[in-house]
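Below you will find one chain, with nothing else, as structure tokens; this is the form predicted on its own, and questions on how it binds or moves follow later.
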Amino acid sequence: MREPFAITIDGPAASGKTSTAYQVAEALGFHHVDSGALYRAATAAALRANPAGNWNEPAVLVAARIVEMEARKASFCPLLAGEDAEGEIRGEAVTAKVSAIAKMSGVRDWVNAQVRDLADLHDVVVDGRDIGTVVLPNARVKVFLLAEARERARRRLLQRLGREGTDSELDEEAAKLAQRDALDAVQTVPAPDAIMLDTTDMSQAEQVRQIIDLARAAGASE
């Protein structure tokens, strides 16, 4: 019996990790694991338990007990108390707090354990931060996505608003991403053996194709 095949996709916020990882997983017949969604789910659980946000690490870990992973099509998705909470975990309240939660070492250990458990049993494409360096250092294929801040801001606004952002909206979003980059800097470091992929002028289809080609060259098959 062959060992499960892991592909890791790291990079800064809004670099296209999650949507690209999902499409790669779908094309290869793998399972997509969004580690960021686990951090968001833990944050949402903590907000449910204490909306004021006065948490310590043990409190967050207790709250996170309501998080479980469910297989859906090509993805593993987090549930909160057995229910879909995609809108909640992607909301502004969670977005504002998730970086602080992700800095808690116990929460990182919890997320990493969830990801490793899935990767031990399934062919996976995992995106997030620290994936190729800390979580799955023996992954067969490691990719680090890059994109200029303004392009990342454009993509995020297009996803959120369904339209191109105005100049002022782009400036505001780019500034928010710069702050997020600073908060996440320690965890956003490429693995020494990662393939660097600058997607600033690349379509998502091109990103997906390049990663699929890398995976197949390394022995992945549908």
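Residue positions are given as counts along the sequence shown, with the first one as 1. These numbers come from a predicted model, not from an experiment.
FYI, the form predicted together with 2'-deoxycytidine-5'-monophosphate (DC) isn't displayed, but the following is about it.
Asker: V98, A149, C77, A139: which sits within 4.5 Å of 2'-deoxycytidine-5'-monophosphate (DC) in the model of the complex by any heavy atom?
Answerer: Going through each option in turn, the one that passes is V98.
Asker: Although 2'-deoxycytidine-5'-monophosphate (DC) is absent from this view, report whether I131 comes within 4.5 Å of it in the model of the complex, heavy atoms only.
Answerer: I131: yes, in contact with 2'-deoxycytidine-5'-monophosphate (DC) in the model of the complex.
Asker: Contact with 2'-deoxycytidine-5'-monophosphate (DC) in the model of the complex for K176, defined as at least one heavy atom pair within 4.5 Å: yes or no?
Answerer: Answer no; every heavy atom of K176 is more than 4.5 Å from 2'-deoxycytidine-5'-monophosphate (DC) in the model of the complex.
Asker: Classify F30 as contacting or not contacting 2'-deoxycytidine-5'-monophosphate (DC) in the model of the complex by the rule of any non-hydrogen atom within 4.5 angstroms, answering yes or no.
Answerer: No, F30 is distant from the partner.
Asker: Flag G36 as yes or no: does it have a non-hydrogen atom within 4.5 angstroms of any non-hydrogen atom of 2'-deoxycytidine-5'-monophosphate (DC) in the model of the complex?
Answerer: Answer yes; at least one heavy atom of G36 falls within 4.5 Å of 2'-deoxycytidine-5'-monophosphate (DC) in the model of the complex.
Asker: Using heavy atoms only and a 4.5 Å cut-off, decide whether all three of A6, R116 and D123 touch 2'-deoxycytidine-5'-monophosphate (DC) in the model of the complex.
Answerer: No.
Asker: Within 4.5 Å of 2'-deoxycytidine-5'-monophosphate (DC) in the model of the complex, counting heavy atoms only, one of 55-63, 168-176, 190-198, 37-45 shows up; tell me which.
Answerer: This holds for exactly one stretch, 37-45.
Asker: Is any part of 103-126 within 4.5 angstroms of 2'-deoxycytidine-5'-monophosphate (DC) in the model of the complex by a non-hydrogen atom, and which residues would that be?
Answerer: If the 4.5 Å heavy-atom criterion is applied to 2'-deoxycytidine-5'-monophosphate (DC) in the model of the complex, 103-126 yields only R108.
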